[in-house]
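As structure tokens, the next two blocks hold two forms of the same chain, structure 1 and structure 2.
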Structure 1
Amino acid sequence: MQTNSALARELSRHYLFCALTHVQQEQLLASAVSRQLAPGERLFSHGERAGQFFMVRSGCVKLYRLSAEGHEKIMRLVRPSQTFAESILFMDVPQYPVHGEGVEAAELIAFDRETFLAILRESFPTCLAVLAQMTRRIQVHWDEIETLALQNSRYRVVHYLLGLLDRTAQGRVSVTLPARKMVIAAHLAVTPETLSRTLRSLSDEGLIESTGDEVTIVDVEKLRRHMH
């Protein structure tokens, strides 16, 4: 696929691609393809043989598993500029560990696994740099798991809202929720009623303003302090 300046900037900021040289990025993009995903459309299934990993350009994708009883457990909601399924890179037999499905209409870039591995084989320094970045990312996921498993519902909601922001965000910031509140509640392992009640409580305290799927954090630093 053809690259553009906006996509090049995205790749340069992303943990998985920032260690790649411009030539290596172009090599990877030469084998990449653009994908359109409709709401509710299945991208891949748990256990399916995997040859690609993905970046979201727009929209939202949910990653989930099904219990033996058929209950859906959302593992992650993937937003624009985020990647998913990169864990297949280093599997002996690459298989998708979850189901992937569009929450809303999404534009994706599908990267070829073998092309990325070939780049890493050709440059040991690049390989080490990518592995270091992936290790840091794994630590972030452990922190997210701890939040979902050990913290109360209010903490989870605040942590999620802050996670929608850029790390450097300050002052008053507005965000659009990337999915329906019912989907977000399932991801946070709370009921939709609990999510609505928590958002209402945060609003009553003057920490946020919420209208539909638009949430304004009145003071980012104040909300961050609220977590401690």
Structure 2
Amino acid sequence: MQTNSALARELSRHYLFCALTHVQQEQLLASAVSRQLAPGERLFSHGERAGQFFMVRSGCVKLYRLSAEGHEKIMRLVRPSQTFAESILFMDVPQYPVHGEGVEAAELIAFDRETFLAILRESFPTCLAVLAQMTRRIQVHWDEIETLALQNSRYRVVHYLLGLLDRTAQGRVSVTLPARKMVIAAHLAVTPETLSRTLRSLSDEGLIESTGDEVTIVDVEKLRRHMH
């Protein structure tokens, strides 16, 4: 892959790569491959042998699983400057644990597993960075398991809306839904119908105003209280 300075700067800002030396970065990029992904195009399949992990430069990728009946649960929506599938680095038999597919047209960088592992062996700070990142992911998983097991669909929708906001947001705030509603529904483990009805009932109660992919939260504090 062609090294270019914009990319190098982007890498340096990422937790996984920021502790690498200049030489290590170049080694890594030399083994990396750029990749375009169309909407709906499959990047990898659950169980497929894995030799690369990825970074999103533009667009959006979904990581998901399917039930036997073809129902889809999106485990994660990956956005620009985020990496995914790093966990294949440390498997004895590296296999992608989910399906990966483009949601919007996306531009990716594919990093080589073996190359990164070799570099890791010589960069203890990077090792720690990976550990910290995996810890954060595990936190997210705990939270997701909790909401799936203990909370109803209404809670999940409200929680999702609040999650789109700044932590510091107050009063009346607008957000744009970051994907089609079908996608968001599959992420929240509800049907599109239920998502639609939930947004409607929140509107009817005066908690939000919703038109298309714009949602205005009338009163953030009130909505936050509403969850408990």
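Bear in mind the structure is a predicted one, so any value in this text is a computation, not a measurement. If you superpose the two forms and keep the largest set of C-alpha atoms that fall within 1.5 Å, you have the rigid core. FYI, numbering is relative to structure 1, first residue = 1.
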(request) Mark the structure, either 1 or 2, that is the form predicted on its own. (result) 1
(message) How about residue 178 - superposed on the rigid core, does its CA move between structure 1 and structure 2 by 2 Å or more?
(response) yes
(request) Classify residue 73 as shifted (yes) or not shifted (no) between structure 1 and structure 2, where shifted means its C-alpha moves by 2 Å or more with the rigid core superposed. (result) no
(message) Does residue 132 move appreciably between structure 1 and structure 2, meaning a CA displacement of 2 Å or more on the superposed rigid core?
(response) yes
(message) Keeping the rigid core superposed, can you check how far the CA atom of residue 217 moves between structure 1 and structure 2, in angstrom?
(response) 9.5
(request) Report, in Å with one decimal, the C-alpha displacement of residue 141 between structure 1 and structure 2 after core superposition. (result) 5.3
(message) Could you tell me the distance the CA of residue 189 travels between structure 1 and structure 2 after a rigid core superposition, in angstrom?
(response) 3.6
